[in-house]
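What follows is a single chain, given as C-alpha cells, in the form predicted on its own.
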C-alpha cells in the first residue's frame, strides 16, 4: 500500500482531510498536518509527503477507510469500523491491538480482525466455541456462500429452521476474508443482521410489534388474531419465553406486545436486534392458538411425589434441550432414559394412556 501517501497528498490538494485524529489542511501558507500528538504547519507538498512518512499508521488508516472501504455502503463501513473499534480507540492504540488481533462476537460467530505491515485488514471468521482451536484443525472455507450450507444443519445434522437459532454447528473457519467478503459471509449466516444493527444505531430501526405483525397475517395464519381475546398479553409472554430467549435465538428481541405495552419477558443480550416476530414464532403461535382454544378438563392421576417431580424434570430437560447431556448411568436424573422408560412401563396402559386415564371421553 505504498501509494497511500500519494493518494492522501492528492486528496489534500483538493479538500481538507480529516479522519480518526488525522487532519491535513491547505492554506496560502502551505499544508498543515495534525495528529492528537503533533502539529506541522507551512509544509510544501514534498515536505507534507515526508512528514506523513512519520505517521504511516494514520496515513494507511485514512487510505483504508477512504479508498478501500469507501462510503458506498454505509452499513458495511460502520460494521467493519465496529469490528476493529474505530472511533473508540486512537489509531496508534488500535493498530497495536490489530497486530495482535481484535476479537468480537456476533451471535455465535467470532470475528478476528488483523492488520499487516501495509495497513491492510484481514478477517478470520469461525464459531465462538472454536476460538482456541488452531486454524489448521478446522475445515477451511473461502467463499461467503459456503456459509449457507454450514448454517443449514446443526451438530446432529438436523435442519435448522431458524438461521439465528442458538444451535449453529462449528468445526469450520473462513481464515482470510477481506472486508466485503466478511460482511457477505456474516449476512449469509445471519440474514439482515448487519442492516438492522446499522438502522438501530442510526435510530431508524422500524420495529413491528406483536399486534402489528399478527394483524397483517392472512390465510391459515390469520387464526392467530383470535388468540387475542382482550384478556391481557400473558400468552405473548409465553411465546417470547419459549422462542426468543437467548438460549434459543441469538437476536435481541426489540418487539413488544404493542407500542404501549411491553412484554414481561426480557428481550435478551444479542448484539443485533430482532425487529418483528419471525416466521418460526408465527408458525408456532398458529399451533398454540388452536391448542389454547381447547377447554380445560379435570383428570385424576395418582402419582408418588417422586413421579410428579420426574414429570416436571422431563419437561424441563426437553425444553432446555438437555436430554443428550443426561448419561444412561445418571438414574438419579428424573429425565434419565431408563427412569423414563420405567415410568412409562409402570403408568401407561396398553393404549398409551397415563395411569390408564383416556385423554378423550370414551
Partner chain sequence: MQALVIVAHGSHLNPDSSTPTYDHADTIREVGAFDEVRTGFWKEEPSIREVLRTVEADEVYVVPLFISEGYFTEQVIPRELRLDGWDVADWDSDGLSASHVTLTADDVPEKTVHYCGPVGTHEAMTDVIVRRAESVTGDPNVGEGFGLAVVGHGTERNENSAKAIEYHANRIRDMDRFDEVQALYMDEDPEVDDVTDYFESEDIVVVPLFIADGFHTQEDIPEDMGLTDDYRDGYDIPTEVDGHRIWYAGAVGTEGLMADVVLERAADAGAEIGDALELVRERTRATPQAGD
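On a predicted model such as this, the values are computed, not experimentally measured, just so you know. Residue numbers count along the first chain shown, from 1.
What follows is about the form predicted in complex with its partner chain, which we do not show.
Student: Would you please decide whether residue 191 lies within 4.5 angstroms of its partner chain in the predicted complex, comparing each non-hydrogen atom pair?
Tutor: Judged by the heavy-atom cut-off of 4.5 Å, residue 191 is in contact with its partner chain in the predicted complex.
Student: Is residue 254 near its partner chain? Define near as a heavy atom within 4.5 Å, in the predicted complex.
Tutor: No.
Student: My question is simply whether residue 203 lines the interface with its partner chain in the predicted complex - judged by any non-hydrogen atom within 4.5 Å.
Tutor: Contact check for residue 203: no, nothing within 4.5 Å of its partner chain in the predicted complex.
Student: Report whether the minimum heavy atom distance between residue 279 and its partner chain in the predicted complex is within 4.5 Å.
Tutor: Yes, residue 279 sits close enough to its partner chain in the predicted complex that at least one of its heavy atoms falls within 4.5 Å.
Student: Would you kindly say which of 199, 127, 104, 81 lies with a heavy atom within 4.5 Å of its partner chain in the predicted complex?
Tutor: Of the listed residues, the single hit is 199.
Student: With its partner chain left out of view, which of 152, 261, 247, 226 would have a heavy atom within 4.5 Å of it in the predicted complex?
Tutor: None of the other options qualify; the answer is 152.
Student: Looking at 280-288, 93-101, 237-245, 170-178, which stretch has residues with any non-hydrogen atom within 4.5 Å of its partner chain in the predicted complex?
Tutor: This holds for exactly one stretch, 280-288.
Student: Using a 4.5 Å heavy atom cut-off, are 112, 267 and 322 all in contact with its partner chain in the predicted complex?
Tutor: No, none of the three is in contact.
Student: Can you name the residues of 211-226 that have a heavy atom within 4.5 Å of its partner chain in the predicted complex?
Tutor: If the 4.5 Å heavy-atom criterion is applied to its partner chain in the predicted complex, 211-226 yields 216, 217, 218, 219, 221.
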